[in-house]
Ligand SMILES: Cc1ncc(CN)c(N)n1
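Next comes just one chain, in structure tokens: the form predicted alone.
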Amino acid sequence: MERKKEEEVGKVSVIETWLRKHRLVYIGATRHPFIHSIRDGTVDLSSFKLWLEQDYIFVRAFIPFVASVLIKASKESSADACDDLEVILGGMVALNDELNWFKKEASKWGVSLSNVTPKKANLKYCRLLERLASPEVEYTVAATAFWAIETVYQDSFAHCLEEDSNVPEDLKETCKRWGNDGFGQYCAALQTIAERCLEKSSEDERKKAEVVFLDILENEVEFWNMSQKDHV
């Protein structure tokens, strides 16, 4: 029994294995030059405004995806399914507040959110969300995607809140929105859900989830790239 406990303590989780294996890709998504420009105070405000309007479009596409994850969770028969529902439902509720935040920020920066044309990287990412919302996509894969999307933002903006950062005063609220400890705890709860699903899933499902994890990281990098005003 003691040996088994030691083995469990030393066991590396599926997600931790991925984070080690794909470390450079993950760093590219969470320590992007756009994020660094916010962190060190050199961000071009026109780029920030571009990110603001494009991310508003993304969040609107993100809502039906999260709803699909909620539906998938409701069909799970495990003893932990009720806890999953509570966490995911909490995320759904928070998205309404997030949309209102975008509208408020857009007004502050003089950005119009009506008739915004999504850029290529945004369209590509939103199409990925649509595919992941399909009923054919397993709960394990969807839960992993949900965790990854939220965690990239949490990790990125938490980096902007570190002591040696020089974030402009006008952008501190943006960084706090995703970089705060509460959002970090929420992402940790999503990771717990994803980890549990991955541990119980088949090898085929784990491979699919890993591919989606990488897809999300690559899309995040492209999204940050798009936020530079010289991108299309």
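Heads up: residue numbers just count along the shown sequence, starting at 1. These numbers were taken from a predicted model, which means no experiment stands behind them.
Below, we refer to the form predicted in complex with the ligand, which is not included among the displayed structures.
Quiz item: Do heavy atoms from each of V59, Y125 and Y153 fall within 4.5 Å of the ligand in the predicted bound form?
Solution: Every residue of the spot touches the ligand in the predicted bound form.
Exercise. Specify the contacting stretch among 142-150, 78-86, 106-114, 158-166, defined as having any heavy atom within 4.5 Å of the ligand in the predicted bound form.
Key: Within 4.5 Å of the partner lies stretch 142-150.
Practice problem: Consider E138 of the chain shown here, and say whether it contacts the ligand in the predicted bound form, taking contact as heavy atoms within 4.5 Å. | Solution: So E138 does not count as contacting the ligand.
Self-check item: Any non-hydrogen atom of D55 within 4.5 angstroms of the ligand in the predicted bound form
Solution: The answer is yes: D55 has a heavy atom within 4.5 Å of the ligand.
Quiz item: Does F223 make contact with the ligand in the predicted bound form, using a 4.5 Å heavy atom cut-off?
Solution: So F223 counts as contacting the ligand.
Quiz item: Any of the heavy atoms of F34 lying within 4.5 Å of the ligand in the predicted bound form?
Solution: Taking the distances in the predicted bound form, the answer for F34 is no, it never comes within 4.5 Å of the ligand.
Practice problem: Tell me, out of W178, Y26, F65, F48, which residue has a non-hydrogen atom within 4.5 angstroms of the ligand in the predicted bound form. | Solution: The option sitting close enough to the partner is W178.
Exercise. Residue by residue through 97-111, tell me which have a non-hydrogen atom within 4.5 angstroms of the ligand in the predicted bound form.
Key: Read in sequence order, the lone residue that approaches the ligand (within 4.5 Å, in the predicted bound form) is E98.
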